[in-house]
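This document starts with one chain, in the form predicted on its own, laid out as structure tokens.
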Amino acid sequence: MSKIKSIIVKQSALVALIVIFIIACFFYPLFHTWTNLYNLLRQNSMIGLIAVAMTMVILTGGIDLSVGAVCSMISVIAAYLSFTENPLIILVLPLLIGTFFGFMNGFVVAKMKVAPIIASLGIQLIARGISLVMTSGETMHISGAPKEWLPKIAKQSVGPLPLIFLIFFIFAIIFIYILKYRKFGREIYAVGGNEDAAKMMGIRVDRVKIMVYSISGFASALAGLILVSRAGTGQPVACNGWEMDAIAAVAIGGTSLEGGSGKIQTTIFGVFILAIIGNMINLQGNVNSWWQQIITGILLIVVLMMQVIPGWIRNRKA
């Protein structure tokens, strides 16, 4: 019995995902149809990409509020570059731009010693402003030959699975491996666990921070390319609140927002817990979708309380 209890505590995000999945299957017959599950995987791949990168940022003790704005900006840039009709420019240049924005974020945090929440908020405002200046607040449509091939990327399948879900899955597997088996992964945990101790161990803390924020920028850019492929347009006011969704998925997955503890695997569980809740609300039909924000907020507070209470109890006993 104690072993079962231990497993449930350690794998609480997975247990919650299984329970919510069973409830959805029981109450909503359309939920477990392949069409619905296929759309669920496809629609949440963008948030999944951002949440995977956000996990590494939070593991270092940081946070990135710029991800939604960068994602939106990249969708606009990709749509704008479609006039070149050059696939390399349309797909690669936005990725480089997104990575550069992440690098700037990390540089300000690591070298200028600006609080991550302030630095990333500044990058958020810059990225959102660039989107609005480029489009005057209007949707930017893809032009030329890319109108034919760019939207097809989001519609492609590999076997039974959406291509964009496989992109997210491969991205997650790569960084799960890095966190578990590579030196860089150990450095991320060390920086988040105790930055001073990490410096004493010879870890280049600034380099680690700049790299994780650069990865976050890259993931946001990749999500932006998927967004422009799905919508067929660059959307300057899209992705509002995506940073909160990603942070919520990370926290619900059990990663400590103080840094140093957590896993990408459980973040993925968090992404799909939120996805299924949103899907259940949509399937219900007569419930306002804004309830998803309320439920997400409640889940987030409960998870954070579960992280804090054990330490509070230990302090009381001491």
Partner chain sequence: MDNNLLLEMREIDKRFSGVHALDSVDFSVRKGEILALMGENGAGKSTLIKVLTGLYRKDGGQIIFDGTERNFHTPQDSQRAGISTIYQEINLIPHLSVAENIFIGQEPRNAFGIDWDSVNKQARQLLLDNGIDIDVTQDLASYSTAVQQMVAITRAISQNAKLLIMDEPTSSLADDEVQVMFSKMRELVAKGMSIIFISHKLDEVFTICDRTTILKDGKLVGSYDIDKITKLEMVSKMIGRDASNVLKRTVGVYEEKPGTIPLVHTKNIDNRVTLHGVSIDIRPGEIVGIAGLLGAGKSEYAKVLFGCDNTYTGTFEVEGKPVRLKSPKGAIDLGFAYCSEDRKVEGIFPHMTITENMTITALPRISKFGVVDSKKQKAIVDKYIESIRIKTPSSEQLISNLSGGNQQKVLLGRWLSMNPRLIILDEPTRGIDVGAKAEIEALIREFSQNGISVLYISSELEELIRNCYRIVVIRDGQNSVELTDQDITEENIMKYIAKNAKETEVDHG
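Residue numbers count along the first chain shown, from 1. All values reported here derive from a predicted model rather than from experimental measurement.
Missing here is the form predicted together with the partner chain; even so, the following discussion is about that form.
Next on the checklist: Under a 4.5 Å heavy atom criterion, is P116 part of the interface with the partner chain in the model of the complex?
Outcome noted: Flag for P116 set to no.
Checklist entry - Does N282 make contact with the partner chain in the model of the complex, using a 4.5 Å heavy atom cut-off? => result Outside the cut-off, so no.
Next on the checklist: Is I97 near the partner chain? Define near as a heavy atom within 4.5 Å, in the model of the complex.
Outcome noted: No, I97 sits far enough from the partner chain in the model of the complex that none of its heavy atoms falls within 4.5 Å.
Checklist entry - At the 4.5 Å heavy atom threshold, is P162 in contact with the partner chain in the model of the complex? => result Flag for P162 set to no.
Next on the checklist: Between F169, F83, W149, Y177, only one gets a heavy atom within 4.5 angstroms of the partner chain in the model of the complex; which residue is that?
Outcome noted: If I apply the 4.5 Å criterion carefully, the residue I get is Y177.
Next on the checklist: Between M140, A154, I215, A198, only one gets a heavy atom within 4.5 angstroms of the partner chain in the model of the complex; which residue is that?
Outcome noted: It is A198.
Item to check | Option from 224 to 232, 238 to 246, 180 to 188, 122 to 130 whose residues, in the model of the complex, bring a heavy atom within 4.5 Å of the partner chain | outcome: After filtering at 4.5 Å, what remains is 180 to 188.
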